[in-house]
Structures are given as structure tokens and as C-alpha cells.
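Only one chain is included here, represented as C-alpha cells and corresponding to the form predicted alone.
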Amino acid sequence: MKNEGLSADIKVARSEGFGLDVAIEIASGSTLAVLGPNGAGKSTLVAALVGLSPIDEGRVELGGVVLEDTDQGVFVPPAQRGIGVMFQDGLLFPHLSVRDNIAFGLRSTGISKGDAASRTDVWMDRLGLTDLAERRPAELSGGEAQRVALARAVVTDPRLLILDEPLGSLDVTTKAHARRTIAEFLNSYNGPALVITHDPTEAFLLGDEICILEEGLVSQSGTAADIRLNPQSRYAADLAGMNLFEGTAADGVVDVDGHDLYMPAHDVSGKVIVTFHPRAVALHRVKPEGSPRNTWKTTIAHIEPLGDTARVATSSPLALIAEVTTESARSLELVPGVAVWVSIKATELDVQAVSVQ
């Protein structure tokens, strides 16, 4: 059946003074990452979409079917919405095996035991869980448990997939592998997907579009590039505005599209993600003396004022964002087209492996 995506306009009021007022659209085959700090309303949004918390005003439509409409008095119960959810802690049933955890949702829909077993086997094979089929959750690693949770969320062929902080409980090494697994799955998923996170790296890598949620309201939405270049709030500038690149690491150097970045340690190799804050980037009109190894000449592509600071976009060989004070931008005469030198200390770079080698 054709999946026509998600359209939701949700207003929820809370007695403690918090309110959620969000409108989102997700096309089929597309992933929206909702990024926001704790208390922004991310969990309230999930509860409203799933139907666990009825909305006070608005409308939710999924795949051409109205799930909730306060004007028309429509409310479809959670079990009938066709939404798969993968929670941060997995929430696996401790007394059930991997196989039975995955099959639980299928069996609750009333399909035959044989069909449930067949579909469960398909997803265990696809996510590398066949050898773990009879284990209990207590016998699984964090990454294995996350794969089981993902399989359980998608085995019912949901019309909408929600991943709620899917990597939040994992260590760095396990997180890299799990992130790759999720990214590969999302690339093949033909329905709308929603990723809830407070981690900008996850948002940028998993989302086709990003929606920033602050205090119950959408403060900004767009592609990762849109938000990096022109953040609309301090939160967006500090977290979503980070510089993020993918490259290949070897012998303490990361190759990013032919440009070398020297990293602080030599114990990471292979495909990596490099992140650093715009405030870690120093700009100079002449080559600095005794400069860090990460120093190169470039030109200013764009300048965006942001209060008492300015965000400066540079051009090749590595297009990045620097954040400087308005006074510094003025004294350095930073305008588009001007040549500058960039310098970044190796210790300011955060380098993470993309997958387990």
C-alpha cells in the first residue's frame, strides 16, 4: 500500500505551564530528526503521535488516514495507528527470548503463528540476530539489544517509524556500530521516519531534515547545512551549528575529501566522523606564527550576524563555520571574498569511528 507520509499539527497544554505547539511534515522514504535539549517537548511529541497522550487541539494524518482530529472528534487508539517505536532503553521483555520479543508485536495483531515466525526470521537475519534467537535480554550486549528493539519496531511493517533516543544508552564504540545499522536501515525504509535526539551528530547523520524543538516550539527547521549556516537561536548555534565532517583516519591524520586534519590521538583508524565547535576555529589575516598543524589559507564565503557574535562560513579546501565576536569581525575586516588563514588546535577535534573495525 502506498505510504503518503505524515502530517501532524499538534497542540498540547500541560497544567504545570508547559505547552507543545508543533507542526511537522515527513514524506515517505524521508527521515526527520527532531533535535532539542531536555525538557523541550520531544517525549510529549512522541506520546501525542503514538496516541498515548491525546492532543488538545490539532490533527494527525498518516498514510492518508486521519489518526486524530480534535475538530471532527476522531481518535484512533495507539494499537491501531500502525506506528513502530524504538525506545532509548529498548524496553525488551526480560522473560522472553530475542525471537519472542521481536514476534510479540506481530502476534498481538492477530496474524497466524506461522506467519509471525516467518517474518520474525526475516528480520533476525537482516539485522544479524539469528544466532541470538534464544537468548534473553540479560544475555545481550547493548548493541545487540538495540538491534532487537529495532527489529521489534519494524517487523510489523509500520506506516511510521519513531526512533526515540535510539543510541542514548550505548557506549562510544557500540554507538558507532549501532548508528551505522540504523542509518543503513533508514536508507531502505520506504515510510516516514522520525528520530528523536539531543545529539547533533545523530541528527545530522540520520536525518534528511532537522527540526529544532525548544520549550515546546519549533525554533528552526531545514537541512543540516541550513542550520549550520544560519542558526536562529543560541541553542542552534551551540549544538546544531557544529562543524561535522566524514573522513578516513590513519596515523593521526584524517583525510576529508583530500584535505588533511591532524587529530589529537593516533589510536583511531578507518572511517570516522570529525566534529568541532565553531568557536574552536581561529581566523587570521596573515599566517599565524607558531600556528597549530591544522592551518590553511581560504576565503570568506558568507557572514551571518548573531547578536554579539558573527558566524563566518569559509570556502575550500574545507568549507566550515567559525564563530568570532562582532568586534573581531570588524577589526579583521571580514567580508565575503577576503582571504584569511584558518587555524584549529588538534585537541579541539572530536574524532569518532563510524563503525567497528
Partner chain sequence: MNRRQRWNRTERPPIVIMALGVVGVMFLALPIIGLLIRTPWSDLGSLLADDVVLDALQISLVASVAATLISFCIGVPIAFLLARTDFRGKSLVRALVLLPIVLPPVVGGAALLFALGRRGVVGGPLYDATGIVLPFSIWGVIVAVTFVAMPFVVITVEAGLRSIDGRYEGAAESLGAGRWTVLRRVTIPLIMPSLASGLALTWARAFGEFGATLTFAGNVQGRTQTMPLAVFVALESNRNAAIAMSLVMVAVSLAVLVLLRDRWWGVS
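Keep in mind that what you see is a predicted model, and the values were worked out from it rather than measured. Numbering follows the first chain given and starts at 1.
Keep in mind that the form predicted together with the partner chain is missing from the display, and what follows is about it.
| message | Can you tell me if L52 lies within 4.5 angstroms of the partner chain in the predicted complex, counting non-hydrogen atoms only? | response | Looking in the predicted complex, residue contacts with the partner chain include L52, since a heavy atom lies within 4.5 Å.
*Check whether F185 has any heavy atom within 4.5 Å of a heavy atom of the partner chain in the predicted complex, and answer yes or no.*
Contact check for F185: no, nothing within 4.5 Å of the partner chain in the predicted complex.
Heavy atoms within 4.5 Å of the partner chain in the predicted complex: does A225 have any? Flag for A225 set to no.
>> Is A249 near the partner chain? Define near as a heavy atom within 4.5 Å, in the predicted complex.
In response: Contact with the partner chain, no.
- prompt: Which of F245, Y235, Y262, F104 has a heavy atom within 4.5 Å of the partner chain in the predicted complex?
  reply: Looking at the other structure, the residue within range turns out to be F104.
Checklist line | Contacting member of A176, V85, L194, C211, with respect to the partner chain in the predicted complex [4.5 Å, heavy atom] | finding: Selected option: V85.
Pick from 306-314, 24-32, 322-330, 44-52: which stretch has a heavy atom within 4.5 Å of the partner chain in the predicted complex? Going through the listed ranges, the match is 44-52.
Along 129-167, which positions have a non-hydrogen atom within 4.5 Å of the partner chain in the predicted complex?
-> Contacts from 129-167: just R152.
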